[in-house]
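Next comes just one chain, in structure tokens: the form predicted on its own.
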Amino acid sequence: MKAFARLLRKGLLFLLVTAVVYVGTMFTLYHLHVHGHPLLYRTGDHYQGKGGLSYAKFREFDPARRYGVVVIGSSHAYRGYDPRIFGERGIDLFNLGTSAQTPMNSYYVLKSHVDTGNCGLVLFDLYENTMEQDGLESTSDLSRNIDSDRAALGMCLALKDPRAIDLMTLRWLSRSEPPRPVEGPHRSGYAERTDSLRTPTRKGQERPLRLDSMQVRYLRECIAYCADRHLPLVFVTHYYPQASDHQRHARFHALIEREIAGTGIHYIDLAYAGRVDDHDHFYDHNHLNAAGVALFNAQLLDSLSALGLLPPARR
């Protein structure tokens, strides 16, 4: 028993010393600047700066306000749903989409910010590429910029990646750091791009669809969260370039339909349903520009209206 107690004390001492050395090292690397930036950022590619649109939108979002629609998802979300277009039909929309946001990240965004008291309808933009990722890129962004410590910690723990410890440590070290400003026009979480694609879109080589099992599980968690709170949820996919992989998306569509079978959730898949031009309506090989967004949002609103899913217009 005494030998075990000594071993336990030595183990705890080792952990304490390791923690002190780790925190001290992180503190030093963060506060030691090279060319105006913390040296810490040069030690790993999983660190992102504080600020930008992600930081601004979570400070602008008012949980006490009633929004007709809240959008979640990846960059397809925050670059694809214009609150002005929804506003023309009397619907207040706020866009909580963030760069590379995976279903795991979306779950914690929903859990920390969205409920029936402040939202009439959740639009979850689905993009197969984000469901193939482990969530590190999005968690790196959100762990710096979301305004909820609990949500940031939940995402980091869900990663099951040692680098998540670095991300939370950086969040705590950088609390007093001023955020960098937002680049480009933005409103209610939406970022607008007006330029068009300058190079021809070429059809890439077909590749298999390999969804991450954790992301599939958290997609189900998002469904359960909304169902438990009687929060209307609609899955949406916005326009894709015609040069993209049609067969791969068809496999993704079939998977989503299987996931929502019997739930009453609608999946409005407009990937190839719009009369869009790969050059004129996209600003890169993936994202819609303002002209493409206008066409997509109009068609989406018509689809939601036809299904009787639009929340009441504001008066």
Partner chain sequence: MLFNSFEFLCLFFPLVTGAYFLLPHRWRWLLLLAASCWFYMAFVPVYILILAFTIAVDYFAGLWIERSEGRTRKTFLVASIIANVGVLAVFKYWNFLNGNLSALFHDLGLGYHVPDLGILLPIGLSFHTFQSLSYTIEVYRGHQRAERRPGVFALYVMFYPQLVAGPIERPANLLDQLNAPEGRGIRSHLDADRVVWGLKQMLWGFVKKLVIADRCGAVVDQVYGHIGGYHTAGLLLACYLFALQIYCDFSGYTDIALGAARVMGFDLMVNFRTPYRSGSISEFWSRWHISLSSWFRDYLYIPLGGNRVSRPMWYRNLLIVFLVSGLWHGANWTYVIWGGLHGAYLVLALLFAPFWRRFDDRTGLAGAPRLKQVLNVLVTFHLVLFAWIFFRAGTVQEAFEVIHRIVHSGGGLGDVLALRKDLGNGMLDTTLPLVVLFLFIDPYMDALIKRERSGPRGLGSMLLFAALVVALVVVGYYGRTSFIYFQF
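Numbering follows the first chain given and starts at 1. Here the structure is a predicted model, which is why all the values come from computation and not from measurement.
Quick note: we don't show the form predicted together with its partner chain, though the next part is all about it.
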Only hit among R84, R220, R163, R150 for heavy atom within 4.5 Å of its partner chain in the predicted bound form is R163
Of these, E257, D45, E60, D280, which has a heavy atom no more than 4.5 Å from its partner chain in the predicted bound form? D45
Please pick out the stretch from 271 to 279, 286 to 294, 25 to 33, 245 to 253 that is in contact with its partner chain in the predicted bound form, where contact means heavy atoms within 4.5 Å. 25 to 33
4.5 Å heavy atom contact, V21 and its partner chain in the predicted bound form: yes
Indicate whether A306 is a 4.5 Å heavy atom neighbour of its partner chain in the predicted bound form. no
Given that the partner is absent here, does Y55 sit within 4.5 Å of its partner chain in the predicted bound form, heavy atoms only? no
